[in-house]
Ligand SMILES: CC(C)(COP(=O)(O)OP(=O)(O)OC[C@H]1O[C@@H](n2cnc3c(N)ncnc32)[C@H](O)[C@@H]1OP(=O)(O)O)[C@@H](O)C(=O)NCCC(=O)NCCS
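Okay, so here's just one chain, in structure tokens, the form predicted alone.
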């Protein structure tokens, strides 16, 4: 499926973009048709305003799948935002190596490294939600507005709150299994277009 090269999916709407087309950081990968809306800041400044504490020293990655919907102000909070939890102090002494005569190469010892952030396909991330380092969000999940996601989210789960907790599953386990097997987001654009009505209907039986 060829990805759209245009930045703005909707004529006259400069607040909504195809996010993939503004990413320059090689450690950020965005899938086709994933969109981001921002009515406060320029949406093209997503890397600066929404991917936070994402320093090259860690080599951590943000991976977001296809057909995701990301609302204004959603944040992805990476490892350098953390502080050491197994130390007697949370103060980041290695970060201030010059002050304390420490080795510069040990700067990353200032924080706990939880790993990458991975978001599946067809995920809706609500207004000002925050996803923390090390979290994987499954395909088809919904993250409620202003939720703080500290743990993995199963496919097609709806989570909300601080910290985010499971509210319910969107579909039966049988339907979820079928959707994960079908993976409509990997179909050609033409096949998706033929099946939009069936996808909107919520009925697997009508998919071609």
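Please read these numbers as outputs of a predicted model, since none were measured by experiment. Numbering follows the first chain given and starts at 1.
What comes next is about the form predicted together with the ligand, which is not displayed.
The three marked residues, 124, 158 and 161, each reach the ligand in the predicted complex, with a heavy atom inside 4.5 Å. This chain is drawn without the ligand; in the predicted complex, the residue among 145, 45, 52, 182 with a heavy atom within 4.5 Å of it is 145. Among the residues 167, 177, 40, 57, the one placing a heavy atom within 4.5 Å of the ligand in the predicted complex is 167. The stretch among 92-100, 75-83, 126-134, 112-120 whose residues place heavy atoms within 4.5 Å of the ligand in the predicted complex is 126-134.
The ligand is not drawn, but in the predicted complex it has a heavy atom within 4.5 Å of residue 71.
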